[in-house]
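Quick setup: one chain, the form predicted on its own, written in structure tokens, and binding and motion questions come after.
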Amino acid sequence: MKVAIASGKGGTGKTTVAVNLALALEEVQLFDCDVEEPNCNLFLGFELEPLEAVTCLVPEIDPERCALCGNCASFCKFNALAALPNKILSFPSLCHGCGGCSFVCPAGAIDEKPRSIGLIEKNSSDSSLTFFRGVLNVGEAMATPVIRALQRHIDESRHAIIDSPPGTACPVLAVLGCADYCVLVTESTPFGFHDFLLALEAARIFQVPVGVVLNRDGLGDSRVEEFCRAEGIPILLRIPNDRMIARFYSEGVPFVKEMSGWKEKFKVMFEMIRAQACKNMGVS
């Protein structure tokens, strides 16, 4: 089962939930798909080894064969190619690697060359927790190919916890599209509630069953709870606005390691997730 940990906005606590849930279960895989800012390992402290370079195929135009017809630039919807009267300009950082430009080129003047956009890493230490993360190169705009490459390392025979990017853009949709269940982490504040609704709408597009973790519970108001009650969305866990939890977070220490009772709470939460996911899949 693949469980995505998502939130409508950054800073809500999804990495805290992903790391502590993975450590509570131990025999699982944890994937940090927040490739623009992967920070799970700040709390895990694993030694990491490079596993795979992620590349994107970009067009390389042979000026000797190019007939300057402009078909390639007209085809590209991402403005990665521009047709000038005497030259085709290429902007590799805008290319999504679809290969369409070479397909429509009547002169066969376009070859595709790989360009590095990121890296996949894995923990090298002997641990019951298997950890992978994707790292997008600084300045790169396309996170989704790195996330896709990371997802290819999921062992389908084991449970996988996936720390999603924040927001509701393409990288998040790439995670939700492969998930069996989505945990939405939110806060009971007006801003948190607004972005929670956006994330919920994204999850519903993929018909992924959803549960909620209320982080910093005790702050704000009751609008998230009232909404969840009305919509039949389960509150899986409440993490209180606790000074001790905040201190462990600031020190990079997962609080399930230091505070008694929380491993059991996360395990109970996972059983709720599994029951709901199995029901959704029609598995008894």
Partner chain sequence: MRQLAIISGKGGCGKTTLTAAFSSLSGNAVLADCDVDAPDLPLILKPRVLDTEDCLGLELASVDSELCTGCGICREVCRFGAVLENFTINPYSCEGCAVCTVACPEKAVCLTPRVSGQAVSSITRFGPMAHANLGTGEEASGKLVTLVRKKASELADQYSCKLVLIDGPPGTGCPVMAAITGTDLVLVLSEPTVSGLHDLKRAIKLTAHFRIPAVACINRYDINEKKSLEIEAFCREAGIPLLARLPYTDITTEAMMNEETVIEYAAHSRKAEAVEFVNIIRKLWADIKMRLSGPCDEEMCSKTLPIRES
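Keep in mind the model is a prediction, meaning the values are calculated, not measured. Residue numbers count along the first chain shown, from 1.
Same protein, other form: the form predicted in complex with its partner chain, not shown, and the subject of what follows.
By the 4.5 Å heavy atom rule, the three marked residues 75, 169 and 219 all count as contacting its partner chain in the model of the complex. The stretch that touches its partner chain in the model of the complex, counting heavy atoms within 4.5 Å, is 190-198, out of 83-91, 155-163, 190-198, 116-124. Contact annotation for residue 108: none of its heavy atoms lies within 4.5 Å of its partner chain in the model of the complex. For residue 180, no non-hydrogen atom is located within 4.5 Å of its partner chain in the model of the complex, even though that partner is not displayed. Using a 4.5 angstroms threshold between heavy atoms, residue 45 stays clear of its partner chain in the model of the complex. Put simply, residue 209 is far from its partner chain in the model of the complex: not one heavy atom of it is within 4.5 Å.
Proximity to its partner chain in the model of the complex, defined as a heavy atom within 4.5 Å, holds among 247, 257, 229, 65 only for 247. Comment: its partner chain is not present in this chain, but in the model of the complex one of 51, 57, 235, 69 has a heavy atom within 4.5 Å of it, namely 57. Residues of 31-47 lying near its partner chain in the model of the complex, listed in sequence order, are 36, 37, 39, 42, 43, the criterion being any heavy atom within 4.5 Å.
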